[in-house]
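This document opens with one chain alone, in structure tokens, the form predicted alone.
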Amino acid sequence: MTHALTVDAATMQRRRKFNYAPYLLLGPTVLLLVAFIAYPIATVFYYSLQHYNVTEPWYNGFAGLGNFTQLLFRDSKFWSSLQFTAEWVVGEVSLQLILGLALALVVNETFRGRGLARAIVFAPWAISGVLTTEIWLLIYNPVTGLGKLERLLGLGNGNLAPLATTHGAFLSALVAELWRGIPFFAILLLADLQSVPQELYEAARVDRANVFHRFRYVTLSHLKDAIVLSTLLRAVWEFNNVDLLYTLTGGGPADSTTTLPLYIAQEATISHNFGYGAALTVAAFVILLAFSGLYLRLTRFGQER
């Protein structure tokens, strides 16, 4: 009996000492997360099951899986935009990684003017997508840009307009986004390169490893996790790229540069078909979630080398 009273007294004492202050301090942050993240996500999932078109209010109501049936079986633009998105992501991320790694290796070396070289390499990353577009629109301009350069060099009649054709528009957007995206990889990989122990390179030289073997077994081995994480982040960002493509090509010509997020924006903001736009957004979310999980599993991110 005495033991039971002692236990009850200890329990009551612990309850009296319970500190609610940490939970009260976390409360505003939790409310903000619910208001700006959880609620919008739940709203998108809700509207994806609705017919909600501002221009056709008489059709509005519960649609069930009708929007998803339409995008899977009756919407050819969904599949074409998804195909272009895959081509865009693979092309952009692969080239950005290769060129960014090359630049990181260069500016990691000790040479005169290295600080200036690093500033020049990293500068495009500080420029917004819309401003990047304006710069490249001036370059691609047939009158004052490449067309004028063509006339000055005597290479043609000065009618060069790379944004006027489907292949030209794709390559033009690819180059513009490369200019902005390469510094992302250069910055992250340079930071990781500077943490590689020099003793590993010295040991490799003692073992008579050539430059290629030192790069493969020391540099790339150390950069593995950084490369996996940076490529995943960049793939997600390029998948969701809207600003540069919208302002540079508008998804044209003939929808040849329309990515899935750009198609979503067109459905929601131009066609005012919010229900179908929400369904497309959910489809994009599922695709990204599946890709991220599969990519991390295949690359064994975070596991010991």
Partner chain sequence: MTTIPSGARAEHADPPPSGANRATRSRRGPMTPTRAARAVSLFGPLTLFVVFTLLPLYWMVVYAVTPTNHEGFVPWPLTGSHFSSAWNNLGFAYLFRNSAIVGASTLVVTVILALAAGYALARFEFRGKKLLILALLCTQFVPGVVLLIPLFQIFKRLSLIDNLLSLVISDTVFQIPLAAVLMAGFIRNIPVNLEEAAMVDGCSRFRSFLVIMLPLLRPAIVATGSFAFIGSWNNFLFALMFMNSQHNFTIPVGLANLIGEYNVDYGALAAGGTLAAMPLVIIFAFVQKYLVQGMTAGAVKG
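Numbering follows the first chain given and starts at 1. This one's a predicted model, so the numbers in the text were calculated from it and none came from an experiment. Under this definition, the rigid core comprises the largest set of C-alpha atoms superposing within 1.5 Å between the forms.
FYI, the form predicted together with its partner chain isn't displayed, but the following is about it.
Interface residue among 206, 126, 155, 90 relative to its partner chain in the model of the complex, by the heavy atom within 4.5 Å criterion: 126. If you check its partner chain in the model of the complex, you find no heavy atom from any of 78, 223 and 298 within 4.5 Å. Its partner chain in the model of the complex is approached by residue 136, whose closest heavy atom lies within 4.5 angstroms of it. At the 4.5 Å threshold, heavy atoms of residue 62 stay clear of its partner chain in the model of the complex, well away from it. Using a 4.5 angstroms threshold between heavy atoms, residue 240 counts as touching its partner chain in the model of the complex. Using a 4.5 angstroms limit between non-hydrogen atoms, residue 166 is distant from its partner chain in the model of the complex. Interface residues of 21-50, taken as those with a heavy atom within 4.5 Å of its partner chain in the model of the complex (partner not displayed): 21, 22, 23, 25, 26, 28, 29, 30, 32, 33, 35, 36, 37, 39, 40, 41, 43, 44, 47, in sequence order. Relative to the superposed rigid core, the position of the CA of residue 28 differs between the shown form and the other one by 2 Å or more.
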